[in-house]
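Same protein, same chain, two forms; see structure 1 and structure 2 below, as structure tokens.
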Structure 1
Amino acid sequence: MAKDKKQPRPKAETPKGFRDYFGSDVTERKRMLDRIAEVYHRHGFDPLETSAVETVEALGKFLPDVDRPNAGVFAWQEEAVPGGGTAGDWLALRYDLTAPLARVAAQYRNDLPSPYRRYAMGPVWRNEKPGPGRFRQFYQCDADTVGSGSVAADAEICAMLADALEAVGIARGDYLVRMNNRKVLNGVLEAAEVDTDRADDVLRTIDKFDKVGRDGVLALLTTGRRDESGAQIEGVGLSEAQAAPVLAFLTSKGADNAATLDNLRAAVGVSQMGAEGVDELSQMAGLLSAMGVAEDRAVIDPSVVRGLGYYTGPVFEAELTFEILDEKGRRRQFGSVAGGGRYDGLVERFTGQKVPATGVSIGVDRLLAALRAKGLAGDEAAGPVVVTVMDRDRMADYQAMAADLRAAGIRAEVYLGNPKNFGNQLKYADKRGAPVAIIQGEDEAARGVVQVKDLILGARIAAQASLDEWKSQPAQTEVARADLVAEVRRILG
């Protein structure tokens, strides 16, 4: 049938929830990550780049014993590739950088130094509903220390995080690393004689502290409360006496670390576990001080509850304290850009051995957005100098000009489109963000000169100048061909 012959053209589209990064999208992120990597490197962390693809078995969160692994990851079954994978095995794209670290720490446990400090930066994939600013592929940037149970490892990561934020350009005073400890909360629950089977409910409740505040949490811990819609939300059922130390814990931040630690000691009462947690926080504060990281950079803050359910000891969070305008033009604090803490069982599922670990993950997109909001992401990489083409037969002359500029370290290119319409060449230079255009027609070539057009000054003049000023073309200079590089350099400053 004739119909079969006419294949419809394929759609030129990224899959839903995926995106492309162009030019400064790439270089600004790269510059930020390079600076973070430099800090991590200086702290003795080594880079690790695992494959994007893992067996579903090793990824762990998803079991291969069902027909199709759970949603949340992009997974597929191996086909029979001779010498390749075993047909039927499930493979998947990594959904974070921690699961691959666990696999690596187990696979290479006899070869890696112990403790093993590593950092990793790269894309991860989530098969989830995309939304504004939410993509199915995005970057993560992690640093972890595997194999050390010492709080010195946690303190080091907090100090490193503060250094990393400064390295990317966040000023001291514009960020704060806040630290808390799961053991303190456990101690509080012990002191309050809360049944262990209610601990999870308490954790879920204090997680709402940021949203509902002190009184809201008190209500939720005890008899419940009505939410805004008027619906009654059931309480955890603690007595007021039991809820009191939990609230004391959450609100125990004092004027400085010493005061906070005093408050926490009171909150945990006689609990052994709690005392241990307070002691760990105290040690971390001491270590940070020894490393030159004062309380204006990293501070104990028991209101940090995010992650308390997941982590087993110290938890920490970096937040940016300056205000930005949100989408609706309201001023608000920028908020959290990184979080982490201590966790167990990383390697255990593979080897049966408990290996202590602690780590931090920086939200790459959020931090980059913060730098942009503060005008700090700026890529020096401006557009190239564009050498225009007046005379198609003298392409070699134009290429020589661009080569001379490049040899002087100046980004430069020759216009390679159809040179017939000169206006198109200037439009192109504009689209490229070119700071300077070079022009040499037959006449100029005969006289051994070039026209150097300052496009940035030109744009300014075009916006402001009178017609007479504009006609005098102060933004365009004729110089000897031999002075081309010097003149461009002068304009670029």
Structure 2
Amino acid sequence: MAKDKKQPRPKAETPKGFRDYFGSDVTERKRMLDRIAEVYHRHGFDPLETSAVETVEALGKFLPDVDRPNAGVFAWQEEAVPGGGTAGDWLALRYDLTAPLARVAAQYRNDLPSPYRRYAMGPVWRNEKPGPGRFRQFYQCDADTVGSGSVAADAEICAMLADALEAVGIARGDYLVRMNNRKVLNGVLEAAEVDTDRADDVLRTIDKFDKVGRDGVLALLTTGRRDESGAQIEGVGLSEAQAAPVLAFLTSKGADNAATLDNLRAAVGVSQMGAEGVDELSQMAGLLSAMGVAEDRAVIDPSVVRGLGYYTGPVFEAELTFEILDEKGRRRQFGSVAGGGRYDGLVERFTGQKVPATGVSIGVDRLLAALRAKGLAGDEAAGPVVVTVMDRDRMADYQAMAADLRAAGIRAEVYLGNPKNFGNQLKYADKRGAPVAIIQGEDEAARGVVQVKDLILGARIAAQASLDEWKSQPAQTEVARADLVAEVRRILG
């Protein structure tokens, strides 16, 4: 009888485009999100958690990644299984936190207050091609107001965003919330007499202003230009007269908001929609000033172009203005960490009625990377105090020590590996980042004392002290068992 073939062992590897989070990765992110949540809570927003899985119908649209299965989402079809959904239903992992909010706002519209203000934090999934710094699972942190058409809601989101950045440690002067309005953009297109079929091409060209400058945008709007590689890039085909309002719009940033607003009014000309967008920006600027958000924190900036087919009014993004060294050692500005705006058409898909909404999404991983670059994300929670085990039969005594420390609010654990090699216990404590190790052998137990080893001071002495200083063991002290908690508190400061 033939023997069964041995099954190959599975590979212990993370799926491509995904990653694992350990220790400080998790605690640093949690601390950052907790601080943001405190700001949102103070502004009257309630937390909301939705399922990671939505129906494809509720998600409403796939991401525009035509090269991926299901155009960019992780989706599957339900089968007829007991307790499952209806056979044939399509389900998908959520690709953002806004589409589930639209479903919630429609599903519970009779139960929720209106306007409804919520914040949400959690992972989202996108079936995209992974690359350096680009993962298929990542965290988002959103705050939205559904049911208010007032620009006061947009201004509040911008003020809250500025407060949140400061709450996590980004100092004033190191960030700027920049605001624009989609209606102003539409007004400029109207003033330039741009055909509907070329509008998106013009808006995409506007978005390149920071990279190619005024002359580059003019070339792209008209006959085209050669890029740095020498390749010819086709132009949109506008005349120079048509391009003039667009260029006036792009160069309308003034010395302050008042000057920018005057320039924008000139750029939109007689367009009623454009004038409405400028008025909304003017109202937002006044409201932010009343909330104590000065122009060094939030400013009108016509170069902000985002969500071309999505946003319907004010748009905004938070940019970090400090410089960092990139992987090639070059200095560059950190850039955008959050963005949002007004989207008045999303909930309408469910209800058939227009429901105004506005919100912002913070890129959690990018903001955390910024905090690390500034040295602001260090894990305040050190590793646990490690109670070593000198005698297996006295495990209850060691557990009692750890329990006393925990009761005093000190993170502590007992070493639960093989205690035979004491050196391995200290290596374990070092790997855990433990600030202190507790040692009690038979002799110490008989005398009612413990040895308290300051591992941080010990490492510093080992690196800097003379042999005589090292032998004097200043990093290890003997105290009465009853004084254990007080001595550990002293060391931890």
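Structure 1 provides the reference sequence; residues are numbered from 1 along it. The term rigid core refers to the maximal set of C-alpha atoms that superpose within 1.5 Å between the two forms. None of the values given here were measured: they were computed from a predicted structure.
Each structure shows the same chain on its own, and structure 1 is the form predicted together with another copy of the chain. Shown is the Cα shift of Ala12 between the two structures after rigid core superposition, which amounts to 2.6 Å.
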